[in-house]
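This document starts with one chain, in the form predicted on its own, laid out as structure tokens.
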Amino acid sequence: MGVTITPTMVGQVVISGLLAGALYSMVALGLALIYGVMRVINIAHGTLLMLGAYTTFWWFRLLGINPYLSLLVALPLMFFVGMLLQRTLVARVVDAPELSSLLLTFGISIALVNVAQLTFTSDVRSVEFLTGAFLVGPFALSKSRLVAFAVAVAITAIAFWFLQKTKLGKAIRATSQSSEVAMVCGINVHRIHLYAFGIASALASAGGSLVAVMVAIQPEMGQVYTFKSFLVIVLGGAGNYPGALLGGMLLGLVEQLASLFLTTQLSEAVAYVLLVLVLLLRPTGLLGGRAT
């Protein structure tokens, strides 16, 4: 006999989907930022998330300090790592065909994963912190996922405020709309590229720090988050920053609902099917591409 689906079960997976979706949105916002500003396809985005996860792991393992405080280390550290990668490597393919950036960042990803394997080994590691769940009526809210949701929402809100209200944020948006016009207006486009890649790397590392408290980590963990980030920006529209928020929430809900109604094997394929459907039916995404 099949399992009876109750409203409580549906409500539980919807809550879980929203909690996961906020994290997807924050990570994907960085990928959308890179593509929007530089038209660069960054395959290494998930790998930067992995580095953020290991920053949190070692912060906790060696110093025994609250892993959420590692965000104060991971964000600025990966911001500068991102700027270094952009200046030394990514800058060379900014005006090149998109395939060039895809191949370059794929190579960067492989190199960073191999360095991580040599440095940290391929052992699966975990940060055992904030386990258990809060009970709210009939629903169980994972403590670590709830905190990750709150932190991801806060960081995403700050990122949107930064892009909308600050001088540098407006310069990033102007460059995203037209780098030529931005240059004519006196904006240092090359510097904007540096900052944009650094901010995107910091957003990815923040996702890694939050993920490290929820699941086990290993050097190749970033691949799945790279795919999910691409799916999120395809859903919302390439280079569309509000679209990244919508796409992340939608992906989280679809994943969790699929796990309720389908078998494990089929639910894992839902994200791939969703990607194909969006590309076929609405290739510009739900909100269209390149909106700021």
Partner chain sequence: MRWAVLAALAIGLLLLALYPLVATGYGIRFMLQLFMWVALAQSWNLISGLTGYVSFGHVAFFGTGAYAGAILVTTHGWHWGPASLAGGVAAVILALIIGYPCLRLKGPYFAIAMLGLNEVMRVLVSYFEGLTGGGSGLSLPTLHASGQIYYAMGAAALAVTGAAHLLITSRVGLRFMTIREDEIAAEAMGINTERYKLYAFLLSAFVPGVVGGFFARDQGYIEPISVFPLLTTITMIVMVLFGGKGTIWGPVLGAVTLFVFQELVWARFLYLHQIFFGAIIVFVVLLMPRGILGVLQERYRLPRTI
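Numbering follows the first chain given and starts at 1. The structure presented is a predicted model; accordingly, all values stated were derived computationally and were not measured.
Below, we refer to the form predicted together with the partner chain, which is not included among the displayed structures.
Visitor: Counting only non-hydrogen atoms, choose the one of 68-76, 192-200, 179-187, 88-96 that falls within 4.5 Å of the partner chain in the predicted complex.
Guide: Result for this chain: 88-96.
Visitor: Note which of 154, 136, 84, 111 lies within 4.5 Å of the partner chain in the predicted complex, where distance is taken over heavy atoms; exactly one does.
Guide: Contact residue from the list: 111.
Visitor: How about residue 226: is it within 4.5 Å of the partner chain in the predicted complex, going by heavy atoms?
Guide: Result yes; residue 226 sits at the interface with the partner chain in the predicted complex.
Visitor: Taking any heavy atom pair closer than or equal to 4.5 Å as contact, tell me whether residue 106 reaches the partner chain in the predicted complex.
Guide: Residue 106: yes, in contact with the partner chain in the predicted complex.
Visitor: I'd like to know if residue 11 sits close to the partner chain in the predicted complex, meaning any non-hydrogen atom pair within 4.5 angstroms.
Guide: Residue-level check for residue 11: no, no contact with the partner chain.
Visitor: In the predicted complex, does residue 164 come within 4.5 Å of the partner chain, counting heavy atoms only?
Guide: Looking in the predicted complex, residue contacts with the partner chain do not include residue 164, since no heavy atom lies within 4.5 Å.
Visitor: Of 112-142, which residues get within 4.5 Å of the partner chain in the predicted complex if you count heavy atoms?
Guide: The stretch touches the partner through 114, 115, 117, 118, 122.
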